[in-house]
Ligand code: GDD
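To begin, one chain is listed below as structure tokens, in the form predicted alone.
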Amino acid sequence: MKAVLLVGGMGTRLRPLTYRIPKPLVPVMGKPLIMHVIDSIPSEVDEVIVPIGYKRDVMEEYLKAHPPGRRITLVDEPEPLGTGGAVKNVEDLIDGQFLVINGDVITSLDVASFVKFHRAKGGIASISLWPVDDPSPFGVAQLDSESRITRFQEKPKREEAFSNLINAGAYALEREVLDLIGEGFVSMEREVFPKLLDKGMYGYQFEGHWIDCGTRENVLNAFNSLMPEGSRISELSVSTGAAIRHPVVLEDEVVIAGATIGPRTYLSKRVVVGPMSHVVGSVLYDDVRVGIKCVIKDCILDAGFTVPDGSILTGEILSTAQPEE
């Protein structure tokens, strides 16, 4: 069985962080988004196929330095092809039933159970579904009593939505679906799924968490969802006169000198926070330096970034990375 990970796009809403790395490599709790997805895929999947255009070289370098222990095939996607076009672009590598999964989602979906559900239903396709309060930004599915999808609605007005179950970005598909995808830019959700309704398409609801990590707010939400109820503080970290407001995660060689950290804060390796500073609801990646009397709230600071003394930062993504010329 093959799995196709959709990692297209340039991660524009996460800039300037994504000037340095592609969105699938944005770390959450010490592990890139794409590795959270790969680690969730059952062992019967013998190849993970990744169509990629933006910063393919960075992805290759990461996978070479951190082998994931399973076969990963990167396929060139020199221009955006949409969710359907990206799958069509790799059809020569697909030899039977396959998975398609968004590569930038943190989710509690049990993929093995999802595959089992799809096989039990015997349809041409199954998609994962997640309940939300406001379905208007998403694709919405309506189910019958047998979990068969009877209607789709793409980004409806809130008051016009016929369901609160949204497309959660994981699909189990039979190979014949590929015959229904046209060439060029194709949206799986808008152009392909409607063709599948009469052929037997099912929706798999699950519980736990589902976070699309395309924005600063949602990346921070992903950290919060995965953060332990208490705190995790490395024995190799040093805190002198620090106030720790749980929950927090402090990785190796973090140094906190007379600062207040937390709650809901993640400090990666070798972060240094100076006296009388306060870091709350934020993520600081490797080697960030925070000066004296700083306030950092709801921010993401990229690796190696330095915060000058007295800075007040709220709701920002900051990095030294620059766009490519």
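Sequential numbering from 1, following the sequence displayed. Computed from a predicted structure; not experimentally measured.
Although not depicted, the form predicted in complex with the named molecule is the subject of the following passage.
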TODO: Among 115 to 123, 174 to 182, 224 to 232, 75 to 83, mark the stretch whose residues have heavy atoms within 4.5 Å of the named molecule in the predicted complex.
DONE: 75 to 83
- [ ] Would you kindly say which of R245, K155, K195, R151 lies with a heavy atom within 4.5 Å of the named molecule in the predicted complex?
- [x] K155
Task: Distance check, N167 to the named molecule in the predicted complex, heavy atom within 4.5 Å - done: yes
Open item on the list: A3 versus the named molecule, in the predicted complex: is there a non-hydrogen atom within 4.5 Å?
Closed with: no
- [ ] Mark F206 yes when one of its heavy atoms lies within 4.5 Å of a heavy atom of the named molecule in the predicted complex, and no otherwise.
- [x] no
Open item on the list: Check E189 for me: does it contact the named molecule in the predicted complex (non-hydrogen atoms, 4.5 angstroms)?
Closed with: yes
Open item on the list: Suppose contact means any heavy atom within 4.5 Å; which members of 23 to 43 contact the named molecule in the predicted complex?
Closed with: K23
